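This document opens with one chain alone, in structure tokens, the form predicted alone.
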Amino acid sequence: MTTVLKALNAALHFCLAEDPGVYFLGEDVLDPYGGAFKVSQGLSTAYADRVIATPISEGGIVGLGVGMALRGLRPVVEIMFGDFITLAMDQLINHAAKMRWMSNDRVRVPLVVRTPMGGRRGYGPTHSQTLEKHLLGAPGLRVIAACTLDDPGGLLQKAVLRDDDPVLFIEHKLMYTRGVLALSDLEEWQAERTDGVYPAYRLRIAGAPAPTITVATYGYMAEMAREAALRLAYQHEVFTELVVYTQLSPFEPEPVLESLRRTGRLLALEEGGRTLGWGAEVLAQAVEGDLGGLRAARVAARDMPIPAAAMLEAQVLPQADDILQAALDLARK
């Protein structure tokens, strides 16, 4: 079975083999360690001159990546824990994302910043966060979230080799050991993908009645959404259509609006804090879509630091039961 971890690692090997301008930078990425989550395993052995172990300075690492990209290279920067993306926000927002605009399109910054996000492993308040919402909407910066569906490795390859703008590439920690699910292998599901470099996926239970709720989500929350959707169908006869995004920003509302024209009910899911998050933007754009009679809700983390204790962490982060209850509440409205 190909796991998400293996798919991402294979993608990086492919990128380094395919383009001599690809470099890989990060903390503790050299073999035999191969990175905290082993996504860089084997890279330094195969491409010793293009895999660079850096000091512990996230701002410095990303700044180096920006400079390399400005000189025509295609660097891939790993931030060991997404919590520390905050230390590189100046480089991302005020430098990488603006160079194209400030140069009248004469300069591009083909930089990919990869980082694991999310909790559920008991790592505590400073190593369990989902912080990408703080970078959504930054003009010139693309935010991509990998999921288990289809081809997460291919998604990374396209970001590294084909995207000439800076990309923040999000990987949830719990997805690394999960198997990659080809759309044709989802036996219980009718699945399709939208066109485009970074697609969205629509999933509905095969042979089920027409869905009455649209569930919009991304990353690991798509795994929980599939679990909740099956429980809703078999236990409560409430049927949903899942819309799983890979490109979070710039946000393209049409995949969710197309589904909402059929269902009229929207449930947005994310693991980050509820207030002013991705789900709020999804709801706002749905309202602006002038669908008429829209009913909507959000499921997200509580707006508080994430505890290390498993029982407390589970109370702060959204669970499948939370999705189930929110969907049932929507169905009754």
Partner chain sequence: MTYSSDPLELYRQMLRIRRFEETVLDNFPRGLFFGTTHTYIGQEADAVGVLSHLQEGDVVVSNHRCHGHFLAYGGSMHALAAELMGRATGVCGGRGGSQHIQWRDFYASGILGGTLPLATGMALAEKARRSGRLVVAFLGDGALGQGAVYESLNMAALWHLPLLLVLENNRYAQSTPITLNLAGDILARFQAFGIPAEERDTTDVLEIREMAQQAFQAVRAGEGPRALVIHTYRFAPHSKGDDTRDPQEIARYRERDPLPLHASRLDPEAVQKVQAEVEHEVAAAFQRAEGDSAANPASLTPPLGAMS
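Numbering follows the first chain given and starts at 1. Predicted model only: the values in this text are computed from it and were never measured.
The same protein also exists as the form predicted in complex with its partner chain; that form is not shown, yet it is the one meant from here on.
In plain terms, the part of the chain that comes close to its partner chain in the predicted complex, with a heavy atom within 4.5 Å, is 55-63 out of 55-63, 277-285, 302-310, 38-46. At a distance of at most 4.5 angstroms from its partner chain in the predicted complex, none of the three residues A182, Q190 and E223 contributes a non-hydrogen atom. The single contact residue among R231, R142, K173, K133, judged by any heavy atom lying within 4.5 Å of its partner chain in the predicted complex, is R142. Distance criterion of 4.5 Å from any heavy atom to its partner chain in the predicted complex singles out N94 from the list T177, T126, N94, Q235.
Looking at D165, you'd find a heavy atom of it within 4.5 angstroms of its partner chain in the predicted complex. At the 4.5 Å threshold, heavy atoms of A208 stay clear of its partner chain in the predicted complex, well away from it. Among heavy atoms of D195, none comes within 4.5 Å of its partner chain in the predicted complex.
Although the partner is absent here, Y23 sits close enough that one of its heavy atoms falls within 4.5 Å of its partner chain in the predicted complex.
Contact residues in stretch 288-306 (any heavy atom within 4.5 Å of its partner chain, taken in the predicted complex) are absent; none meets the cut-off.
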